[in-house]
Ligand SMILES: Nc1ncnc2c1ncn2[C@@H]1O[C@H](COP(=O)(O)OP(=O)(O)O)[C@@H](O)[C@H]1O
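Take a look at this single chain, the form predicted on its own, given in C-alpha cells.
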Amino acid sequence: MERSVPGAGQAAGLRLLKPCLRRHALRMATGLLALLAVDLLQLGIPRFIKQAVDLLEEGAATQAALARSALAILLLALAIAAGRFLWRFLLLGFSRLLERDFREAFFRHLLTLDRAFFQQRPVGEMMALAGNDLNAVQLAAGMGLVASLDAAFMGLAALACMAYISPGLTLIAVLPMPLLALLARLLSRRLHRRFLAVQEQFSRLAEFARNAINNIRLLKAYGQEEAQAKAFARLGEAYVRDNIRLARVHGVLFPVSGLIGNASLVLVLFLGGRLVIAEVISMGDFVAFISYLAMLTWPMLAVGWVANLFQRGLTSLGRLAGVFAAHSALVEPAAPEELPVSAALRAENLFFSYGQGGPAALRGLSLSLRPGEIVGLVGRSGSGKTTLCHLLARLYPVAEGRLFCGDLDVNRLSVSGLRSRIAYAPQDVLLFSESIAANIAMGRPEASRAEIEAAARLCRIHEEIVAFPQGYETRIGERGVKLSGGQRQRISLARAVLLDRPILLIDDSLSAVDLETEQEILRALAAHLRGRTCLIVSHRIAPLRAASRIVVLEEGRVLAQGGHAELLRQSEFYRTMNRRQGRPGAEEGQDAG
C-alpha cells in the first residue's frame, strides 16, 4: 500500500473542509467569540486577587472590601461557566456536524465509484476511514481547534498581562519556550509517519476481520479457526507495536511541555521573589504574575496535545482525500443523448481487460441482442461471459464505438439512464441483512406486497418464503446466511424481475437450482420477457434449448451461434457439452431432465 506524502495529501484534505466551514461559519464565529470572552474574563480574576492581597499586605483590608473582591470573582466565575457552556456547545457541536457531513459526503462519494476502485481498495480500509480516520478529523476540528485557539489567545493575553507587571520577569519566564517550539517542529513529521502506519495497520486488521466473519462457515469447514486466530493475533500485535511507536513520540511532548512550564515557574519564584523583597513589585503583583504564569502553562502543555491531535487529523484528512480524489472511469457525458426507444444492445469488435496490462477478457467480441429475443450464452469458465454482462450493465467503461444501445454509442448516453433500462441478476448473489421483502424490493422500494409476491411466484420461491415463520418479513442474516444457495439465487432473480425493465441479464443466476426448477422458472419467465431483450448465461444447455439463439464464447470471442440443432452441427465444444450433460444411453442432442 502506498504511503501518502505529508504535504500534498494534507493540503487536499484541508480543501475538503472548506464547504463545511462555510456552511457553519456563523456557528463557528459565535463560538469563537464566546471562547475569547471566557479567556478575557479569566484574565480579570488575578487582578481582583492582586487587589485583595495588596490590601492585606498594607493592612488596609476590610471585610467589605474582601467581600467585594470575592463577589467579583464569583460573578466572573459564573460568566466564565456560561461562556464555556456556550463555546463547547457551538464549537464541539460544530465538530460533530462536520463529522456527520464528512461521513455523509464520504459515503455518497463511495457510491459514485466503480467496481475497479473497490477491486483495488479493500472494504476494511473503507471501514477504517469511515471510523477511525473520521474520528481523528472530528477531534482535530473540535478539541484540537478549540485548544489551539484558546492556547494561542490565552498565551498572548497572559504574556501581555505579565509584561505589564514586569517586562524583565516576563522575558525570563519565556526563555525556555523556544525549546518547546523546536521540539514540536522536529517531531511533527515523525508523528505523521507513525500515525499513518497505525491507521493503515488498523485497515488491514478490519479487512481481515471482515473477511473472516463473512467466510466463517468456510473457515469452520476447513478447520482453520486456530490458524485464523493466530493470524489475527499477529495483526493485532503489529497494530499495538505501531501504536507504541507512536506513543513514544507523543509521550516526549507532554513531559517536555510540563518540564518547560515548571522551569519557568522555578525561575519566576526565585527571581520574582527577589523583586518582591527589593520592593520592585508588590506582593499582589507577584501573586498575579504567578496566576498569569499558570495560565501560560496551559498553552505550553497544550502544544504537545494539540500537535498530536492536528497531526492525526491531517494524516487522516490526507487518507480521506485519496478516496475523494478517486473518480469513476464511467464518466457521464456532458450532453447525453436521449435514450433510444429500442432495447437492442450491440457489441462490435469489443475488447476489454481488467486493469492496465492485464490479460484480455474479451477479444474482438461482436454480438447483437434484439428486442423480444432471448439469447442463451454458454462457454468455458473464463471465456468472458460474466465480463460481457458487466459491460452490458455499464459497470466498466468501454472504448468509443464498441458498444451500442439501439444505434447510439453507450458513451453518448447517460450511465444512470441506461442502467435504469437494465435489470441484472449477477452470478455472485448479493443479499442484505434485511427482510426477504426488502431484499426483493431493493430496486423498487415503493413496490406493493402484491408486486413483490408476483415476482417471487414467477421465480418459484413464493411457497418457500411463506413457509418461514415470518414469511416475507423473515430477516435472512448477513449475505442471506439463513437461506440455501438456490433460495438466494431465486430471491436475487425476483429482485431483477420486479424492476420490470426492457433489458434483463441473468448471469448464471440459477446454477444452484435443480434443472427441473430452472426450466420451470424460465418457462414462467417467457411471458414476462415478451418484447424484452434477455441474455441468459448458463453452464447447462437444457434450459437454453428454447432460447431464440444460443451463443458460444471461447477466449473472449464468439465461437458459434445459432439454434440448438444448428450448434450441434457447427460446434465441437457445444456437442461435447451436450453429450456430457446428457443421460447415459440417450441420443446425441437429448439432454438430462
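The first residue of the sequence shown is number 1, and the count goes up from there. What you see is a predicted model; the values in this text were computed from it and never measured.
Keep in mind the form predicted in complex with the named molecule is missing from the figure; the text below concerns it.
- Task: From the candidate stretches 150-158, 126-134, 111-119, 491-499, select the single one in contact with the named molecule in the predicted complex, where contact means a heavy atom within 4.5 Å.
- Result: Among the listed stretches, the partner-contacting one is 111-119.
- Message: If we define contact as a non-hydrogen atom of the residue within 4.5 angstroms of the partner, is Tyr396 a contact of the named molecule in the predicted complex?
- Response: Tyr396: contacts the named molecule in the predicted complex.
- Query: Any chance Ser435 has a heavy atom within 4.5 Å of the named molecule in the predicted complex?
  - Reply: Ser435: no, not in contact with the named molecule in the predicted complex.
- Task: Indicate whether Ser381 is a 4.5 Å heavy atom neighbour of the named molecule in the predicted complex.
- Result: Yes, Ser381 is a contact residue.
- Message: So in the predicted complex, is the named molecule close enough to Ala361 to count as touching (4.5 Å, heavy atoms)?
- Response: Although the named molecule is absent here, Ala361 would touch it in the predicted complex, with heavy atoms inside 4.5 Å.
- Task: May I ask you to choose, among Asn439, Gln199, Thr387, Asn308, the residue with a heavy atom within 4.5 Å of the named molecule in the predicted complex?
- Result: When the named molecule is considered in the predicted complex, the option within 4.5 Å is Thr387.
- Which one of Gln427, Asn215, Ser166, Asn243 is close to the named molecule in the predicted complex, taking close to mean a heavy atom within 4.5 Å? Filtering the options by heavy-atom distance leaves Gln427.
- If we check the named molecule in the predicted complex, which of the residues in 339-356 reach within 4.5 angstroms of it by a non-hydrogen atom? Sequence-ordered list has one entry, Tyr354.
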